[in-house]
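First comes one chain, alone, set out as structure tokens in the form predicted on its own.
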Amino acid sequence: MRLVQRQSPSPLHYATAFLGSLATVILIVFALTGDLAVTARALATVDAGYLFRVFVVIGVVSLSGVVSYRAGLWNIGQEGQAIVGALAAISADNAAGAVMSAALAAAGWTLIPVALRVALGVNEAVTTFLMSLAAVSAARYFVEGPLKDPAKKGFIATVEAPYMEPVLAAVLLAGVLAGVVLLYRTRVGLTMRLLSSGEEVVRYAGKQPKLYIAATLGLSGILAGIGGAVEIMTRDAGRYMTLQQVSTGFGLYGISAAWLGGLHPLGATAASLYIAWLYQVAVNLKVAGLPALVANALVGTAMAWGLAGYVMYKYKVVWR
């Protein structure tokens, strides 16, 4: 058995992956509940406002993944970049300033992986992951120190982040989506995607690969940071960070949506709605008394099917 690259890949393979993911989720939920009625209720109960908020956040982060992965660059530090973006949003006075601060903070946080990749050739998957771990420690410092709210006596938490209206969040997602789609219609965007074929190919095309690596990883980090800011600002209540809730997991969810959506901006956005629904299902199961880690399990299956869809899209199995 061997894998052979397809001459004419079909997007239907991603549809197959989606159906496989959906079937797997239904089986998992039924296995956890052991009751068909409870399973149906967990799958069908939806809070439209909550679902929309989660969808917008995952959508922005998923586009961060699309930007880096389509260029063959493995930024897996979206969680840490989102944490840094949320911290920057907390320290801002208004929503617009929070988005700008989050973008700048996340860009700065990505500088170390960028510098190591460009100057020394250190794999960005390792450095972005390690920076995510560092982001958790940095956030805990700010929660207990510079951003701590003294009014919350006996409860260690930051001050409140400014509020962002859901409509503005939707406009922001639409703007980011349009920006990424338009980017890939420019020479800069095409060169970014050309990086996936190797630095030598970009150099042969007359471009500086290191410059485009830095720009791609930087843009990916910025989008993840904005996603983190949007997440904390769109909460109806509790727009603060605690020691126990530094990491929200939306970085992982965004990565899953990017792969399940075929690393296409529109596909990733559509997959983000599906991942948001999975998150809603996990919340429903938590209300029913099941562990909170169910959310990661459900999203993990979506990521696995997303990767499977990518393999099916690119290759076919030959049994000889």
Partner chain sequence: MAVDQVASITLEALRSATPMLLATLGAVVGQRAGVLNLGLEGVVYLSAAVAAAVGPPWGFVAAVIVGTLYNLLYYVLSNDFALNQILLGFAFTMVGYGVGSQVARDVVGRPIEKPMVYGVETFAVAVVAAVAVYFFFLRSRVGLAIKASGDDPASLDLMGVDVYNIRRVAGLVEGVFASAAGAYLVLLYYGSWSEQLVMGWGSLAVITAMISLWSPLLAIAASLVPSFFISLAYVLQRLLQVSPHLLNLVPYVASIAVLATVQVAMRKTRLKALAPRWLARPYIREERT
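Just so it is clear, the structure is predicted and the values come from calculations on it, not from any experiment. Residue numbers count along the first chain shown, from 1.
Keep in mind that the form predicted in complex with the partner chain is missing from the display, and what follows is about it.
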Exercise. For this chain shown on its own, do 5, 120 and 137 all sit within 4.5 Å of the partner chain in the predicted complex, going by heavy atoms?
Worked result: yes
Exercise. If you check 26, 287, 293, 40 against the partner chain in the predicted complex, which one has a heavy atom within 4.5 Å?
Worked result: 293
Problem set entry | Contact residue in the predicted complex, from 216, 158, 127, 234 (heavy atom within 4.5 Å of the partner chain) | 127
Seminar exercise, completed: Answer among 74-82, 183-191, 161-169, 91-99 for heavy atoms within 4.5 Å of the partner chain in the predicted complex: the stretch 74-82
Exercise. Can you check whether residue 149 is within 4.5 Å of the partner chain in the predicted complex, heavy atom basis?
Worked result: no
Exercise. Do residue 51 and the partner chain come within 4.5 Å of each other in the predicted complex, heavy atoms counted?
Worked result: no
Exercise. Applying a 4.5 Å heavy atom distance criterion, does residue 131 contact the partner chain in the predicted complex?
Worked result: yes
Problem set entry | Proximity of residue 15 to the partner chain in the predicted complex, heavy atoms at 4.5 Å | no
